[in-house]
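Okay, here we've got a single chain as structure tokens, the form predicted on its own, with questions on binding and movement later.
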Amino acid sequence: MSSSAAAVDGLCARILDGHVPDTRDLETLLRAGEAAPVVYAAAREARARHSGDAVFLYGFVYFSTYCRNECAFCFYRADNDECPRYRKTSDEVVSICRDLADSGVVLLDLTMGEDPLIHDDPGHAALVELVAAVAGETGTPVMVSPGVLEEPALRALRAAGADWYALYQETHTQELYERLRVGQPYAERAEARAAARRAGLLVEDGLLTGVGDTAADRARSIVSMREAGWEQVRVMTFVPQAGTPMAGTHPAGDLDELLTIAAMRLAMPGRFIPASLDVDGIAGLERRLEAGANVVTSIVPPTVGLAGVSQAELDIDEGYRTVHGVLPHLERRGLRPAGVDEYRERMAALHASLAGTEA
């Protein structure tokens, strides 16, 4: 059932006046229906107050598509023979990252499946060395998205130059989680994010919608991520993947994703919230920016053989998922790409806040 326009309008006004939305409030926003434009407008206002017109562009390097896990939703699950498999060498990754940094991205997201070749090494030396090489060669902030790691490895990554650790729960409703991330303990992922925080890394959590979740599930996730204090939060619409147990799922539209971006912005106005190019490609970017996102993720260079996650090929080799491809869309929305120095200032403030929390 959709929320009434009057209820949505009044709630948005109260939030902009300082009211902190609880779970019930968030469900109202997430069920806005035809009143969705009111929620988006409020989210843009909240973004403007905290980020101005700045948008942060993230390069994406999916350097290994091998994985030991059997996630029901993922194209790269271990037993799927229909997906592309590759491992990029360290030299290849550094070269790609150097070009991305030169193109204007402010962060390099080094992503992999839980590749047994890397995860079976107790010290994760290859991953640590890769992060050190990328950070040293590019001088650009680094995010690592390697799956679940224990605290010693996370501390080593931080020492090597990583700034961020991304590990998505997908949902904070445990029963739904268990259907999605088969055989992976719910608490283990939560503990890995907590360990990353102790190691001095900034943390990103995220959820997946269109997987049988409800507005109540998404509201619960938003509150959980806010209470944890993660510095970046995201949502993506599930794209059915060939060769997986969920291949026959009816594709969802993007309304739930857009309302979730907006609700996240209103609940956590100062956070980094991405608009991902990995769901609808460049065609979906402006809708996500209009919903309150202040980051563009999944910028992938063409012709170097990198895949996306939800969309392995969409808009990559055409060059649309590049800084050059993104800039006109920012300009049309009155937004600007932030530089790396501005991004470093934001990160420094977050690290200082994190150090204060630990103290």
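All of these numbers come straight from a predicted model, not from anything done at the bench. Position 1 is the first residue in the sequence shown; the rest follow in order.
Not on display, but discussed next: the form predicted in complex with a small molecule.
Q: At 4.5 angstroms, heavy atoms only, are 74, 147 and 238 all close to the small molecule in the model of the complex?
A: Answer is yes for this spot.
Q: In the model of the complex, which of the listed residues (135, 167, 128, 176) lies with a heavy atom within 4.5 Å of the small molecule?
A: Going through each option in turn, the one that passes is 167.
Q: With the small molecule left out of view, which of 224, 111, 80, 249 would have a heavy atom within 4.5 Å of it in the model of the complex?
A: Answer to the contact question: 111.
Q: Heavy atoms within 4.5 Å of the small molecule in the model of the complex: which stretch among 214-222, 96-104, 229-237, 262-270?
A: Only one stretch passes the 4.5 Å heavy-atom test: 229-237.
Q: Any chance residue 309 has a heavy atom within 4.5 Å of the small molecule in the model of the complex?
A: Taking the distances in the model of the complex, the answer for residue 309 is yes, it comes within 4.5 Å of the small molecule.
Q: Contact with the small molecule in the model of the complex for residue 172, defined as at least one heavy atom pair within 4.5 Å: yes or no?
A: Outside the cut-off, so no.
Q: Is residue 62 close enough to touch the small molecule in the model of the complex, meaning at least one heavy atom pair within 4.5 Å?
A: Answer yes; at least one heavy atom of residue 62 falls within 4.5 Å of the small molecule in the model of the complex.
Q: Using a 4.5 angstroms cut-off on non-hydrogen atoms, would residue 124 count as touching the small molecule in the model of the complex?
A: No.
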